[in-house]
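Presented below, as structure tokens, is a lone chain in the form predicted alone.
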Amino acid sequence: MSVLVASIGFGLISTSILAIAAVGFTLQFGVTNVFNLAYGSVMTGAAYAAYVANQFGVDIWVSMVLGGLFGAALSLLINRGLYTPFARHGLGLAGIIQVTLALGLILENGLQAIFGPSYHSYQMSQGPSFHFGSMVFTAVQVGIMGIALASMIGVHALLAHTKLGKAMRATAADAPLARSCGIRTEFVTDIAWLLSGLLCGIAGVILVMDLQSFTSTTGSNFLVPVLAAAVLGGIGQPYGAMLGALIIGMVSEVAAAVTLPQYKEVIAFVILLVVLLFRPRGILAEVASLKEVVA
């Protein structure tokens, strides 16, 4: 029983990190229809940006914000400088996916060339421990869950209660129609990339804060659970990504507790395969049904 309770506690942490990453991924895809496989490498880049700031004595939580801003800026730069020009030249979804995959490899190897292949760690303390029933969390883990909760509330408030959120939903549903109705779709696309990159960067930093060490491949290795959560919930559906993160996070940790911890990514990959085989549009399929990715 104690192992099960501990695995549920770990599942809450995994769910928190996954939710931020998966919502960022699916928000960007929902608006732009770009299946960005460089997402994991951007997470790692943001983690290294926070690492550099932290090495200069910046507090880890401030470094996390800086990492998020780095992820936002890098994502916007990638879209404007690479993905948009390819799309304007008529490159289809399959071609764009190949471009994102190549970019991810370039970023990953570039980071390894700069920082080396060894592991790096932040200068931080895990803080005091907090007991919630039979579960024990460090102050950092409580902070991670709090950031995830605040991020999900913020995304919901943006999409449901602001003009920008409505414009993003309209652009995701039908960009040409939204443009003809006076919505500045290029501006909305830029905001989607910035918001996606911000969430991506924050997820990359808090992932490392939880793992306590990382290399240039850490974000790429985490991409499979992110994709599993996004696809399970319905690609392009933020609320589905939240639900998918909860399922993947909990199932992976509980299953790893009864098998081996290193099988967590394998379990997420198996779930992804099963979803693609039997329900490729995900649990919430309304938005996914409009997207070319399942065609």
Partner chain sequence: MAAGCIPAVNLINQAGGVLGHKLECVVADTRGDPADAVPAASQLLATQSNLVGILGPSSDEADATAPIFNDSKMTMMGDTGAASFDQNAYPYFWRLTPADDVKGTAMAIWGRQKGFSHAAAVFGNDIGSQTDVPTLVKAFTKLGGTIVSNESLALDQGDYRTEVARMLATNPDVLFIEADAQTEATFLANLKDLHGLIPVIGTSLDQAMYQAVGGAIGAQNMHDFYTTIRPLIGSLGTSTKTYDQALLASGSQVPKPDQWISDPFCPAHYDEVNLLALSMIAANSTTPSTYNSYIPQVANPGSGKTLVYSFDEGQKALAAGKQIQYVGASGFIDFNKFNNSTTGFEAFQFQLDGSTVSLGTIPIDEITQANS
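Definition used throughout: the rigid core is the maximal C-alpha set that superposes within 1.5 Å between two forms. Values in this document were obtained by computation on a predicted structure and should not be read as measured data. Residue numbers count along the first chain shown, from 1.
There is also a form predicted in complex with its partner chain; it is not shown, and the following applies to it.
- Exactly one of the stretches 157-165, 117-125, 68-76, 180-188 approaches its partner chain in the predicted bound form with heavy atoms within 4.5 Å, and it is 117-125.
- Taking non-hydrogen atoms only, residue 218 approaches its partner chain to within 4.5 angstroms in the predicted bound form.
- Looking at residue 246, you'd find every heavy atom of it more than 4.5 angstroms from its partner chain in the predicted bound form.
- Among heavy atoms of residue 275, none comes within 4.5 Å of its partner chain in the predicted bound form.
- Among residues of the shown chain, residue 55 is not one whose heavy atoms approach its partner chain to within 4.5 Å in the predicted bound form.
- Taking its partner chain as positioned in the predicted bound form, the residues of 210-230 that bring a heavy atom within 4.5 Å of it are, in sequence order, 210, 211, 212, 213, 214, 215, 218, 221.
- Residue 61 is not among the residues whose C-alpha shifts by 2 Å or more between this form and the one not shown once the rigid core is aligned; its shift stays under 2 Å.
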